[in-house]
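The data below hold one chain only, encoded as C-alpha cells and taken in the form predicted alone.
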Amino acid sequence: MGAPPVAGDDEAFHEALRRDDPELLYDRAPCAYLSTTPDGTIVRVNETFLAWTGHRREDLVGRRRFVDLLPVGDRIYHETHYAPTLRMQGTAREIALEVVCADGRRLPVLVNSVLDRDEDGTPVAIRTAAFDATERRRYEREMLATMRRAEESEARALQLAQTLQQTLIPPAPPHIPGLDVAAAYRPAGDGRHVGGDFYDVFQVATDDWVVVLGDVQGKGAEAAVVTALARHTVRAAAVDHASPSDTLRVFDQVLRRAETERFCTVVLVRLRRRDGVWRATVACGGHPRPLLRRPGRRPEPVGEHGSLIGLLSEVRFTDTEVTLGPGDALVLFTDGVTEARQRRGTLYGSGRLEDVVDEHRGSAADVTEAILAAVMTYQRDDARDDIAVVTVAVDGSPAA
C-alpha cells in the first residue's frame, strides 16, 4: 500500500492540472483525434494520428476525407454501416477499421465517432477518436489460429477414431454352418461421434464359435481405443479359456491394468456343436442379458447378471448353458435398445423388445432389422445412443 498523499503533493497535482495546455492535451493524447465536416473532409487532426500513420498534416487537412484513408473493404463497410449508423444514431462506437498509413502499411484501429448538429439539427461536424488496435488484432488472429488448429486436430482425431471403429465393427458376420447370424450397428446422432458399442463373431475351433457384444463407457477416440483392446483381448483369451466367464475375468484384469478410466459391459456367448446339437454358454459382465426365443414360447432373458468390466476390485461372472434346437434364437443387444427414449422420457424398455422378437420369427436378419427399425421409430429417428444387435438362430424347423 502506498503512502497517503501529503499536503505538498496535493498542491502539486492541482498546479499541474492548471498548467496543462489544452492544445498539448489534444495533440499528445494517447488516442488519435480527427474532426471532419459532415461529408468526411478532415478539418483537424492531432499529432498522435500523424505519428501513428506517418501522414503529414498539410496532406490531410482540407484535402482528404477520412474514408479516403481506409482500404477498399473498409470503405464499403464505412458507407454501408458506419456512416448510416452515425447519421441515424448520432454516434458510432467500437468500429473496427484499418487506416492506410503513408508508407502503405495498415494500422488496425477501433473508432468512436459523434455527429455534432446545430440548433436546427443540421449536421455540422464529426468528431472521431481512434485507438490503436494492433495488439488486440494480433491477439484475435492468434486466437483464431489456435481455434483453427484445435478444430483441425479434433477433426483428425475424429477421423482416426472413425477409421479405427470401422475396423472393429465387422461389415458382416461370418457364415456358420447350421446357424443363421445377423448383426446391426447404428451410431448415435448423425454418426459423426465415435461410440463404444461393438460386436464380434469369430471361430475358436471346429464347431466352436464365440459371439461377443459390448458397450464401452463414453465416446470418442479413447472409447475406440478401449473397444480395440476389448475385441482383441476377448479373441486372445477365448482361445485359452473355454469358459466365457473365465474369458471375461481375463478381460477385466487386462482393462483394470490399462491406462484408462473407461469401463465397459460385455455379453459373451460360446457356441459349440456336439453330436449335431448346438449348446450356448452365456456369461454377462454388467450387460443386459440376451433374449432366448424358442418356438411357441415368448422370449425370455437367459444368463445371470455379472460385474462391470474394468471397474471393480472383485468381480463375479457366471456361465449359463442352454441347448439350442431348430428354430431357437438368441438375441444380443446393447442398452441403446432398451434405454432408447422418447422426448417425454419414456424408455423403450425390455417389454417392447420382447414383443418385437416374439412377433418376428423369420430369419436372423429379419429379427435384427425389425428391432433396429422399431427402436428408431420409437425415437423418431433421433438415436441418442449407439445401437448394436446380434441375432443367432438355429437353422431348421422344430420337430413336429
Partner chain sequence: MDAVARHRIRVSGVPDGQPIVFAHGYGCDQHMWRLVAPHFEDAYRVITFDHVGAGGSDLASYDPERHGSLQGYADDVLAIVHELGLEDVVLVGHSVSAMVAVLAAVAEPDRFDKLVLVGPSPRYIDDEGYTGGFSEADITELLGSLDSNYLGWSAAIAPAIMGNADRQELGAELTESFCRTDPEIARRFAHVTFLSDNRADLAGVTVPTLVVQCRDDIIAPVAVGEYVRDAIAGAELVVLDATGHCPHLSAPEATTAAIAAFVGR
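Residue numbers count along the first chain shown, from 1. These figures come from a predicted structure and were not determined experimentally. Basically, rigid core = biggest C-alpha set you can superpose within 1.5 Å across the two forms.
Keep in mind the form predicted together with its partner chain is missing from the figure; the text below concerns it.
At a distance threshold of 4.5 angstroms between non-hydrogen atoms, I95 is in contact with its partner chain in the predicted bound form.
Looking at R298, you'd find every heavy atom of it more than 4.5 angstroms from its partner chain in the predicted bound form. Shown alone here, R156 lies farther than 4.5 Å from its partner chain in the predicted bound form, counting heavy atoms only.
Within this chain, T85 lines the site of its partner chain in the predicted bound form, having a heavy atom no more than 4.5 Å away. Among the residues E135, E79, D116, D240, the one placing a heavy atom within 4.5 Å of its partner chain in the predicted bound form is E79. This chain appears without its partner; in the predicted bound form, the one residue of G189, P71, P174, P326 with a heavy atom within 4.5 Å of its partner chain is P71. Looking at 59-67, 26-34, 366-374, 338-346, the stretch with residues near its partner chain in the predicted bound form, meaning non-hydrogen atoms within 4.5 angstroms, turns out to be 59-67.
Contacts of stretch 127-153 with its partner chain in the predicted bound form, defined by any heavy atom lying within 4.5 Å, are made by R136, R137, E140, R141, M143, L144, M147, R148, listed in sequence order. With the core held fixed, R63 shows a CA shift of 2 Å or greater between this form and the one not shown.
Comparing the forms between this form and the one not shown on their rigid core, the Cα displacement of R231 stays under 2 Å. The Cα position of E259 differs by less than 2 Å between this form and the one not shown after fitting on the rigid core.
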